[in-house]
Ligand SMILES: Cc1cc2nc3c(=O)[nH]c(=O)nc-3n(C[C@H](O)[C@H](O)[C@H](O)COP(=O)(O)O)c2cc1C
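This document opens with one chain alone, in structure tokens, the form predicted on its own.
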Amino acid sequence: MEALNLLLNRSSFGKLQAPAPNEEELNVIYKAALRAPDHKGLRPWRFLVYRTEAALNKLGNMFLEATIAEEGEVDEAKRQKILNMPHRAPVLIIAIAQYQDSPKVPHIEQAISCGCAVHGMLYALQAQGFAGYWRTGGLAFNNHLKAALDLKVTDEIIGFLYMGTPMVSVVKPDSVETADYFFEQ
């Protein structure tokens, strides 16, 4: 896919299915992530990849335990919804900002760098005929989940990247007027 066409037509797909990217395609996606802007070369990111049924089930159980720890017991419908969350796509990547102390690179810049890495993965997915969507939600800020994932207290979940093949046709994104967002000074 031509670069400008990809940049101007990228969109998210909330309904994903198999097939997922294979090893070679995933490696391209990973390399795209690692090309994100990264002041001082800190590489302030870590990505946890879940792509087997067992791994997705384990993550669903972590989601449930973290939710119960934060909110208390949940009814059966909510329990099933939480357990099924990782199964929204055949691959789920948790993007984590691992902040490093730097006099020149504040934490906000490191978080943005991690976000740019996720953005790069979204483009690499679409360039290879796949799709993804990036979510956060309450679990991204749940300290019990962070502990279950063996993250440091200072680490931050930047988002959950769901990856697979779109279940719907590619729809051209809504047109946006640049004048609504860019102001000459």
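Numbers for residues come from their place in the sequence shown, where the first is 1. Please read these numbers as outputs of a predicted model, since none were measured by experiment.
Omitted here: the form predicted in complex with this ligand. The next part is about that form.
- When you look in the model of the complex, the only residue of Y50, Y123, Y133, Y30 with a non-hydrogen atom within 4.5 Å of this ligand is Y133.
- Contact annotation: Q17 falls outside 4.5 Å of this ligand in the model of the complex, judged by heavy atom distances.
- Heavy atoms of L145 never reach within 4.5 Å of this ligand in the model of the complex, leaving it off the interface.
- Looking at G137, you'd find a heavy atom of it within 4.5 angstroms of this ligand in the model of the complex.
- Put simply, A117 is far from this ligand in the model of the complex: not one heavy atom of it is within 4.5 Å.
- Within 4.5 angstroms of this ligand in the model of the complex, the stretch 6 to 35 places a non-hydrogen atom from each of R10, S11, S12, taken in sequence order.
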